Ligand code: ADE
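First, one chain by itself in structure tokens, the form predicted alone.
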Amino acid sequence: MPYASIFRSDLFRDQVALITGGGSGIGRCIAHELASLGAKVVLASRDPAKLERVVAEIKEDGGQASAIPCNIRVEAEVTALYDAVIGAHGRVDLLVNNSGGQFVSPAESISLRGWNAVLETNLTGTFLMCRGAHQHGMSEKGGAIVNIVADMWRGMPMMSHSGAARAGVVNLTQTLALEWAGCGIRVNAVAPGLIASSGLSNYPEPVQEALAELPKELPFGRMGTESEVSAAVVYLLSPGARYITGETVRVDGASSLYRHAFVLPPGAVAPAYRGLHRPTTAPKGLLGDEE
């Protein structure tokens, strides 16, 4: 069966869409939807085998796709990626920065190497890809960029490196939207919440066990789907969003308004400061003591 997109089938006919991290999960889903809507999809990541599998899937479904291995953390590889895309297609119309990665760890245990690896992938890599799009034609012809971030609005306990990087991408999105508005380049972001995606299988077993218990605590009683994230991305890339730039759309079923992804360990109650010399009528127990 073809991709069941809610958008018309020729929406991106003959447009060139470059997607990083398109070999699995949300990126794979976005690639399939854009291809089903007529785009010529180019997938980029560090894993050629995964990319080729998705390319084969898209071609089997009647779409157009190709793959170019690239480590977005390496400036020379990003430049080579754009040179290859321009050489094959002549332009890049759409860019989806989906590549990312992190690992679970308390902040005090993250090594500098681990910290740098996550920031270079999620923040620096996104910058290099955005800058490359500007330098390889979008500055003259315009285009649309969507950066995939994460639910980090209330902090990301056990993932401080990723939270810092994703927050940086949100600000980068806003800044580029302003700087490049005159070029006709729109830059937006999508922040998925807890999504039932293959990426969850990369976490250690204790984390997966905790994730399995989370849906019942979410406002919708379930995680989101890759397709729900993809639909938001496609809308922001579409002509219908031509007056939207610098925005971050949360696809999280209101979970960012409701809870944290990880339960913090219990700790000692911090003593309260009481400057008022007279008794208050506030209910007891709210300050962690029995007053």
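Residue numbers here begin at 1 and follow the sequence given. Keep in mind that what you see is a predicted model, and the values were worked out from it rather than measured.
The discussion below concerns the form predicted in complex with this ligand, not included here.
Asker: Looking at T124, S139, N71, T79, which has any heavy atom no more than 4.5 Å from this ligand in the model of the complex?
Answerer: Contact check passes for N71.
Asker: Quick check on R53: any heavy atom within 4.5 Å of this ligand in the model of the complex?
Answerer: No, R53 stays farther than 4.5 Å from this ligand in the model of the complex.
Asker: Can G100 be called a contact residue for this ligand in the model of the complex at 4.5 Å between heavy atoms?
Answerer: Yes.
Asker: Even though the partner isn't displayed, in the model of the complex is R250 close enough to this ligand, meaning a heavy atom within 4.5 Å?
Answerer: Residue-level check for R250: no, no contact with this ligand.
Asker: In the model of the complex, is there a heavy atom of this ligand that lies within 4.5 Å of any heavy atom of S255, even though the partner is absent here?
Answerer: Although this ligand is absent here, S255 would stay clear of it in the model of the complex, with no heavy atoms inside 4.5 Å.
Asker: This ligand isn't shown here, but in the model of the complex, which of 240-248, 41-49, 55-63, 226-234 has heavy atoms within 4.5 Å of it?
Answerer: In the other structure, the partner sits against 41-49.
Asker: Just give me the residues of 141-169, first to last, that have a heavy atom within 4.5 Å of this ligand in the model of the complex.
Answerer: Stretch hits: zero.
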